[in-house]
Every structure is written in C-alpha cells, then in structure tokens.
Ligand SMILES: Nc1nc2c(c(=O)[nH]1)N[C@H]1C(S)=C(S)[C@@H](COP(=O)(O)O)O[C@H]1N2
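Encoded as structure tokens, the following chain is the form predicted alone, with no partner shown.
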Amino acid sequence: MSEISKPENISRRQLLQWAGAGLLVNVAGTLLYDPVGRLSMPANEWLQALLLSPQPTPEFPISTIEPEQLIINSYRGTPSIDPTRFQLKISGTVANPLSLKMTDIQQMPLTSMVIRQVCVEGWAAIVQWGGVRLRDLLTLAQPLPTAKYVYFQSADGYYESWDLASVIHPQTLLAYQMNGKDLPKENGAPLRLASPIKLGYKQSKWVTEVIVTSQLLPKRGYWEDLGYEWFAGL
C-alpha cells in the first residue's frame, strides 16, 4: 500500500488550477470537443459545466433530514463486500497510485454535510452524509497536469465518469456514514459518492476504484450510455 498522510490544505494555486482556471479550460475545450475536434457535449450540459461554482452550495439543518424519503435503487442488487478486506484503488493519470484500506480512509479528516439528494425519477430526500473529500484523496494521488476526468468503478459492475472540477468540489465525498451512523450496505457501504451538485445516478455506490484520465472513454457511464445526460449537474 502506498504510504499516506493527512493532506494539508490544498494550495490556492492548486485550487485555481483545478477548480477555477482549469474548469474554464475544460469547459471551453476538452469538455466541448473530443480529441478530433467533434462536438461531444450538448449545449445544456456545456452550460451546466460553465456555471459550476467551486464554492459550497447551501446545506440544511439536521432537523430537516428525511430518512423515509430516500429510495434505495440498485443496479444488480447489493454486492457482498467484507469491509475488513476492502481496498479503494486510485489509479490512472496520477503520480502516486494508491490502495487504501477503510482504516486509512477513516483516519483522514471527516466531512459531514446535510444535502438534498435529487433523483432523475422525480423524488428527492434530505440526507446527512459523512466521509472524506475526494479532493483530499486526489491530493494524495497527485493527478498529472493532463488529468481532466475521473471514472468510478463499483463492486456491482456499475460505472460512472465525472469532470475533474466536479470531483474536487468541496462537497463531493466518498461517504461511509449516513444520517450520523455507519453507511448501510444497501445504500452503498463501505464507500459511495455523495454530492449536492449531481443527480442521483451519478452518485455511485460500492465504489472500489477511482481512475483519473485525460479524456473521456467510449463508455461514459451506465445510464449515460443508454441516453441519459452525462454532466447531470444541479
């Protein structure tokens, strides 16, 4: 396993490179055109990417949590994962590939947030998620300057991809807590994506691998490959 330490605060230069100036470059260039210059993002998705703010979105008080409103959707049922043997891999366009146990991840700073989870099917629920910021994990992995996208592989075979600016948003977590308790298996334990800036189908459960890439691959996401919107921003 790669040696890890608690990440220091990300420098202003890194944030400007990744989330500010980097976002504008991605939106105006890579997110709009593929490597051979063909239009690859619909205008509405391009606009969503352009409007993405690197600042936190408003959160809710704990008293507003709606546990009964959170519907459990699954792709191929709930996979069986032994949390004591689980390892999260971070690979791809990074200088320092990682393989982290849950104990490694839980030693990192815990971020808790109460946000609205929005499903494309029309329902929503206010949920408290707790976990590690993805940008903290990427700081340890050290993405290379060409990094622009991040893929997520799940134990049930589900797959997703995000733009880097959304991944390093301060409210994008790999969560291992829900409503102040350990994350239930059916909700994605031991690790799942949680963020108020994306629709629910982007928020993969049972995440086992994070792969940083310089370009989008032909398979962009399970639902996206069936016709759903790729950026799926809120």
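One-based numbering along the sequence shown. Everything numeric here is computed off the predicted structure, so don't read it as measured data.
A second form of this protein, the form predicted together with the named molecule, is not displayed here; the remarks below concern that form.
A.B. asks: For the interface check, one of 133-141, 89-97, 150-158, 105-113 should have non-hydrogen atoms within 4.5 Å of the named molecule in the model of the complex; which one?
C.D. replies: Every other range fails; the passing one is 150-158.
A.B. asks: Is it true that R220, E229 and G233 each have at least one non-hydrogen atom within 4.5 Å of the named molecule in the model of the complex?
C.D. replies: The answer is no; none of R220, E229 and G233 reaches the named molecule.
A.B. asks: Answer with one of I197, L70, A49, I65: the residue that has a non-hydrogen atom within 4.5 Å of the named molecule in the model of the complex.
C.D. replies: Contact with the named molecule in the model of the complex is made by L70 alone.
A.B. asks: Heavy atom to heavy atom, is N179 within 4.5 Å of the named molecule in the model of the complex?
C.D. replies: N179: no, not in contact with the named molecule in the model of the complex.
A.B. asks: Find out whether any non-hydrogen atom of Q117 is located within 4.5 angstroms of the named molecule in the model of the complex, and reply yes or no.
C.D. replies: Output for Q117 is yes: heavy atoms within 4.5 Å of the named molecule.
A.B. asks: Check S204 for me: does it contact the named molecule in the model of the complex (non-hydrogen atoms, 4.5 angstroms)?
C.D. replies: The answer is yes: S204 has a heavy atom within 4.5 Å of the named molecule.
A.B. asks: Using the partner position in the model of the complex, report whether N187 sits within 4.5 Å of the named molecule, counting heavy atoms only.
C.D. replies: Output for N187 is yes: heavy atoms within 4.5 Å of the named molecule.
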